[in-house]
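First comes one chain, alone, set out as structure tokens in the form predicted alone.
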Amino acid sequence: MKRKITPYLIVSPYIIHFIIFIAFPVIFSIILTFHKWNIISPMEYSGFNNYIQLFQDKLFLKSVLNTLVFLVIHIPLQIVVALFLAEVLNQKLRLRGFFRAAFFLPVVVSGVVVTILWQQLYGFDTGLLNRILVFLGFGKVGWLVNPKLAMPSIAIMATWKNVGLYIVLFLVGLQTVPKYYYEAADLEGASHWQKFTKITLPMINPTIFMVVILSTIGGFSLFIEPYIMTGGGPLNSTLSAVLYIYKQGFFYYHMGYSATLGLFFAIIIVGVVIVQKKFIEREV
């Protein structure tokens, strides 16, 4: 009897955690999409009204497009910068361990702290970046007040915040490439660029795919940066989908509609990841 019960006792903490923190919230959210609820009063069944409202909500569509713009800027920039720095830090350098730790440090710092720091750097009148531009003879730039520059500015800041994690991932990938490939290429007189494109990139393709997926999921969850730096402005140019969902739920108390937006947005994320898996992942 003990042999039969013991395995269930061992996995019971995970099962309990899964039921309370994953299964129940997901099921409750799906049920909530068919109801109208403001947290205070009892839920009212509303049928498919939330879904109808979703497809008529132009602001939600704009928030999704803003998030996609962020991803288009952030993911390529993240991969290029992280891979370049990982390639440099994979060489025999003095103080290599210090630089690796220094690049990873922003990852462990609170996102709120980093966002406030960059908000000060981007300040129009007193920001360090504009002070440098004025000192060099250029005009001030509205990093966070110009609708065309606000989202790219946030993407640059997010890249700085997260690049350390992807440097570590790329370093792991680079160190798994067999050295004899490079030795054979050296005998053939291959240049460093040829070795990088013909050996390094194909061999670390699984790592690149993982970085793309993690960057995509992280980009879709964009919230802290626009919430603190711009509040979704100017002119809703930095209103991310998660920020819009948050506002619907906790600003306007439209919990049913917020759950509907969250469910639909989750489907979008899954679709994007599937497309990435189809076009990016390759067997080595």
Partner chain sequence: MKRAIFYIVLVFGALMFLYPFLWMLTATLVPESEIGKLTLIPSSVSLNSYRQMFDKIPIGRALLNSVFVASTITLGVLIFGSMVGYALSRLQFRGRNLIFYIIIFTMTLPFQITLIPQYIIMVKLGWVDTYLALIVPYLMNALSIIMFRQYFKSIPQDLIDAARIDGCSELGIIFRILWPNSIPALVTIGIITFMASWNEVLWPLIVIRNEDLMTMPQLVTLFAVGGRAESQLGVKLASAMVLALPIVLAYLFFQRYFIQSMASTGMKE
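Each form is matched to the other, and the largest set of C-alpha atoms that superpose within 1.5 Å is called the rigid core. Positions refer to the first chain, counted from 1. Remember, predicted model here, so these are calculated numbers, not experimental data.
Although it is not shown, the form predicted together with the partner chain is what the next lines describe.
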Subject >> Partner-contacting position among 101, 80, 187, 201 - heavy atom within 4.5 Å of the partner chain in the predicted bound form >> reply: 101
Original post:
Between the options 181, 160, 196, 124, which residue brings a heavy atom to within 4.5 Å of the partner chain in the predicted bound form?
Top reply: 160
**OP:** Using a 4.5 Å heavy atom cut-off, state whether residue 258 contacts the partner chain in the predicted bound form.
**Re:** yes
**OP:** Answer for residue 8 alone: is it within 4.5 Å of the partner chain in the predicted bound form, judged on heavy atom distances?
**Re:** yes
Original post:
Is there a heavy atom of residue 28 no more than 4.5 Å from a heavy atom of the partner chain in the predicted bound form?
Top reply: yes
Original post:
Is there a heavy atom of residue 275 no more than 4.5 Å from a heavy atom of the partner chain in the predicted bound form?
Top reply: no
Subject >> the partner chain in the predicted bound form: contacted by all of 34, 143 and 235, heavy atom 4.5 Å >> reply: no
Subject >> Interface residues of 203 to 240 toward the partner chain, as seen in the predicted bound form [heavy atoms, 4.5 Å] >> reply: 210, 214, 220, 221, 223, 224, 227, 228
Original post:
2 Å or more on the CA of residue 228 between this form and the one not shown, with the rigid core superposed, yes or no?
Top reply: no
Subject >> Rigid core superposed: residue 43 CA moves 2 Å or more between this form and the one not shown >> reply: yes
